[in-house]
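Take a look at this single chain in structure tokens; it is the form predicted alone.
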């Protein structure tokens, strides 16, 4: 069973625990700048939105890589960057339409979410369950349920 990160911005308090957990898991330091997940702060709207790689089925980053440094982990569905193959050309950062593949200046390689091998540190660290790791087939149900609740009293137009 494939799993996926489900992000509910409505539950995010902006505590940035996900960024700290990710940077510690991946880089061994508590430094949000080294995290593969980012929390966008919309000051004027007083809301926060965690954002990371969506592990696209199409995976433009993987397709664009000229040296084949990004591969599919069949167990988790994550697109993995292999440092030993990455040449740091940044083509994948341009190919990603969501901006979730980033260049690490310290290593000269690119980094992106790899779902922590199936146990995402960001989801584990999130105190409000704004980030959860659930069955991939279930990720759209809450949005469908919310939409259905909004429209259940609306007149049906045939």
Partner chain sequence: MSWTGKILRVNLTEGTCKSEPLNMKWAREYLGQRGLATKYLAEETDPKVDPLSPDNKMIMATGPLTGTMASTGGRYSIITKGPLTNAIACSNSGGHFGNEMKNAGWDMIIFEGRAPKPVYLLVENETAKLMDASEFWGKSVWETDEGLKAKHQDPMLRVATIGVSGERGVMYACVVNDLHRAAGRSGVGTVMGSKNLKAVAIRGTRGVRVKDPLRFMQVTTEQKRVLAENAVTGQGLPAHGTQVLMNVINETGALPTRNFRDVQFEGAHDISAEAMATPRKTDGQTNLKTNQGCFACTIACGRVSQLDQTHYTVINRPEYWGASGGLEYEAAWALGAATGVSDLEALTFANFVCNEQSLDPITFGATLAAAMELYDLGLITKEQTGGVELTFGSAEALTTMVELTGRAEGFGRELGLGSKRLCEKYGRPDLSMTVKGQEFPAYDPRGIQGMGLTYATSNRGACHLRSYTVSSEILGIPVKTDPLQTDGKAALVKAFQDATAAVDSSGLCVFSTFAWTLDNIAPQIDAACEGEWTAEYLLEVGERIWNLERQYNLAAGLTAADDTLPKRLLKDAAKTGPAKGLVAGLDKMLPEYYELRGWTPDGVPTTQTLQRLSMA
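From a predicted model like this one, the values you see are computed outputs, not experimental measurements. Numbering follows the first chain given and starts at 1.
Although it is not shown, the form predicted in complex with its partner chain is what the next lines describe.
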May I ask you to state whether residue 13 is within 4.5 Å of its partner chain in the predicted bound form, using heavy atom distances? yes
Heavy atoms within 4.5 Å of its partner chain in the predicted bound form: does residue 48 have any? yes
Residue-level question: is residue 127 within 4.5 Å of its partner chain in the predicted bound form, judged on heavy atoms? yes
Would residue 34 show up as a contact with its partner chain in the predicted bound form if we use heavy atoms at 4.5 Å? yes
Given a 4.5 Å cut-off on heavy atoms, tell me which of 54 to 62, 88 to 96, 35 to 43, 112 to 120 is the interface stretch with its partner chain in the predicted bound form. 35 to 43
When you measure heavy atoms, are 17, 21 and 30 every one within 4.5 angstroms of its partner chain in the predicted bound form? yes
